[in-house]
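Okay, so here's just one chain, in structure tokens, the form predicted alone.
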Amino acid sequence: MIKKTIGAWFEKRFDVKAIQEPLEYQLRKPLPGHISWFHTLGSMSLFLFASQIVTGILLLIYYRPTADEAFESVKFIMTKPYMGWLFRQIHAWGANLMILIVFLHMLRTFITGSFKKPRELTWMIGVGLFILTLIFGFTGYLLPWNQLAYWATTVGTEIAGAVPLIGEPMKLFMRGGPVVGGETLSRFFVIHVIILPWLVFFLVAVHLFLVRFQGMSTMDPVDKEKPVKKGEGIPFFPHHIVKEGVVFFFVLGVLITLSIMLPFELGEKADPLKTPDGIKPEWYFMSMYQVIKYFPKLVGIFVVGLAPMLLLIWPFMDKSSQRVPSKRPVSMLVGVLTILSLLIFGILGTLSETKQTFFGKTYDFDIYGVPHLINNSPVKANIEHH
């Protein structure tokens, strides 16, 4: 009775059928038969973005974006408010997982050739979302105002300052002055909390519209795609919706588990006069950070900056009409080499400027990640002492 009354109220004021029919069509539109669990990575990314918004709003209740109060406010969040520590950890882990999942979503799109005509714009918006996700991580990393975040931001903005022509003005704009300070924190806060969420929200809305309007890509060659007829393929509702529901609870469980079992430490408050040893960026910037070391600064920045440009224009560079991975050997080779380079340079960057022990032998890794054996034999050490 209540449902009919509410429905009648809306029908007298709006053209409900005009709204209901396209929604019903999108809900019932079948998906191609090859759609699998890997196609829920986009939904994972969306859920993590929503989680970041919700937990970010809760953290803003107590957070204070000033150099004097930022660290103390985060410390307060982690010790005083009810479950404040959990929301802070979910937000921190959510940022890392969101970057990883968005990357995997792009990798799945690349492997299945879903970026090809007529979905070039959808891919380019996806690349833009990935870049914005990285910027989200970079700007949010500074907000706790601890030692590692302060000096990692100092290194990151120094690298940006080396870009020809626009580098120095860009560095001054990001920092709000010659060095990282309170102005930097305020600017990163505004970018992280106001500008980026609205940009990402807008791009996600356009991205989802294009995906639903153009439909999920089949594995047919370019210009030979056949629309999935009713009764064929996989129903979006309820089959794929159920998968996305399962993924929702899975990601939520992973987030909470990581937050409890492997919490991020707050560390020490930022001190501009005390430089800690071995300052490095977060894992998602580690490979780029390491690559720059092997080239003169300008060349290294050019090489690193070339990657996002190639991603953007890749749909126009890959001329093959095929989508099946086995029929695109060149593209697959490029993809494999890219993944390997990210892993290798990431590992080298992590090991660089550290001492590690393997099979009883200690190695000193230099700035380039090259190991040097340290002869720490007790006998030899005793001879040298005498």
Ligand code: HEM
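Remember, predicted model here, so these are calculated numbers, not experimental data. A residue's number is simply how far along the shown sequence it sits, counting from 1.
Unshown form predicted together with the named molecule; subsequent notes refer to it.
With the partner omitted here, the stretch from 164-172, 117-125, 264-272, 144-152 that lies within 4.5 Å of the named molecule by heavy atoms in the predicted bound form is 117-125. In the predicted bound form, the named molecule sits within 4.5 Å of a heavy atom of residue 42. Within this chain, residue 295 is remote from the site of the named molecule in the predicted bound form, having no heavy atom within 4.5 Å.
Using a 4.5 angstroms limit between non-hydrogen atoms, residue 204 touches the named molecule in the predicted bound form. The named molecule is not shown here, and in the predicted bound form it never comes within 4.5 Å of any heavy atom of residue 310. With the partner removed from view, the residue among 251, 90, 102, 301 that has a non-hydrogen atom within 4.5 Å of the named molecule in the predicted bound form turns out to be 102.
With the partner removed from view, the residue among 291, 77, 95, 129 that has a non-hydrogen atom within 4.5 Å of the named molecule in the predicted bound form turns out to be 129. The three residues 106, 208 and 217 all sit with a heavy atom within 4.5 Å of the named molecule in the predicted bound form.
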